[in-house]
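Next up: just one chain, as structure tokens, the form predicted alone.
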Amino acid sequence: MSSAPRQVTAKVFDFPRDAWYVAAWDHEVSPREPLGRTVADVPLALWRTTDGTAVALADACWHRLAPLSMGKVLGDELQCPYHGLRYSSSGRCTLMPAQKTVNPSAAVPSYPVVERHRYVWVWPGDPDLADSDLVPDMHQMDDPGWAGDGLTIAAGCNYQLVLDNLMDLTHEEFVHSGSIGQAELSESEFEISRDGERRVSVTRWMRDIDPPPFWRKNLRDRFPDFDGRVDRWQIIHYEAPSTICIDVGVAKAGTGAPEGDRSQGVNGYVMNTITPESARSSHYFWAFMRNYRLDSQLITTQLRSGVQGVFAEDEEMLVAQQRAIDANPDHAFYSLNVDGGGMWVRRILDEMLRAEGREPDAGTPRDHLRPVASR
């Protein structure tokens, strides 16, 4: 006899700070003017020095807390917009125009930065723990064997709601019925596995099915005469704290894709990394990368536009979900078997919070979780 699903109190969940989060696309950070962005409740001023190095300083001047992101980049320094104090990339004040001497205590925090996979990553927690080897693997973003592009969504919801959405793709049947959704998503079996301390995977195969409109179009971009049934896959790879890369695609049914031969199909990677801004808002960075027709800018643009439309449907649902959570603070989440991957994610995030000396929400009983083998 199976036990009833455990309920999870619908509260806003905290986020680890000893972690790498994407603060911006690399092209957004400029040597000409600073960019203001909040990461894990930490307001930042992002800019570049003359040699192109990306810098992240606290977005509040030492003097009167004026936002430095409203200031100017002057060579290798950032000038406050209010009284002209200047700061080096280390956050040390170098000039106070109203006086000859610089107060030795004048400084603002400077945060570790790594540029990788077309993104600027920032570590908002303890700088002594910042290890560049912990930057999540998103190598398809700049691998010459893959082509594609993406955008950013300003999502009006807690970042864990986005993670839940991406770890359980059965919602596609209902939220995206006109593009990538189909009944086989809910009907197919899946497997969940945890790899080490920071990774979880969910694997789902749908064999010998009709392709949904999105994938039929993509198959015909590569195989113009294609007409028939397909084997479809979704392999979700989560890496803590908030990066999810989804190996997706379809191939002509029976040609060996489940065994590893994808030559008769089309393969994409949906790249997602979600940065908590506040308890109820997130920066959702995404891209769709493909390994076929790499030279076609038309396909890149069409795919970006198509995925943007799909994600707009997700955004509408997630924002509505956040409103419902806020309006019903005493209500609870209930977990189904398809939530197994997302529940593992929440458990990993709890472990990260405990490592920082912060106790997770006591109303969320997640320690009982075990890997789910199948549906």
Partner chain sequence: MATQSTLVWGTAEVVEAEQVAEGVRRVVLAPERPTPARPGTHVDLRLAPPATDEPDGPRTLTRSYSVVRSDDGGRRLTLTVQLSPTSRGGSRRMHALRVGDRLPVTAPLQNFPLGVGAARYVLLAGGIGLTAVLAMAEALRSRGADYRLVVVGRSRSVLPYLEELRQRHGDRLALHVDDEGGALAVERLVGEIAAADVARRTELYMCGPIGLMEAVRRCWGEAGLPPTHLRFETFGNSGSWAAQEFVLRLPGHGREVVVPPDATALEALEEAGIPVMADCRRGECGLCLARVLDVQGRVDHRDVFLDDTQKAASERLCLCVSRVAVPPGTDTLPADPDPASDPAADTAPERRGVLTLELP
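Since we're looking at a predicted model, the values are computed, not measured. Numbering follows the first chain given and starts at 1.
Missing here is the form predicted in complex with its partner chain; even so, the following discussion is about that form.
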{"property": "Per-stretch contact check against its partner chain in the predicted bound form, the hit in 337-345, 308-316, 27-35, 47-55 (non-hydrogen atom, 4.5 angstroms)", "result": "47-55"}
{"property": "Position in contact with its partner chain when the complex is considered in the predicted bound form, options Tyr111, Tyr269, Trp215, Phe190, heavy atoms within 4.5 Å", "result": "Tyr111"}
{"property": "Position in contact with its partner chain when the complex is considered in the predicted bound form, options Arg194, Arg92, His139, Arg229, heavy atoms within 4.5 Å", "result": "Arg92"}
{"property": "4.5 Å heavy atom contact, Ile235 and its partner chain in the predicted bound form", "result": "no"}
{"property": "Ala130: touches its partner chain in the predicted bound form, heavy atom cutoff 4.5 angstroms", "result": "yes"}
{"property": "4.5 Å heavy atom contact, Asp76 to its partner chain in the predicted bound form", "result": "yes"}
{"property": "is_contact(Pro104, its partner chain) in the predicted bound form, heavy atom dist at most 4.5 Å", "result": "yes"}
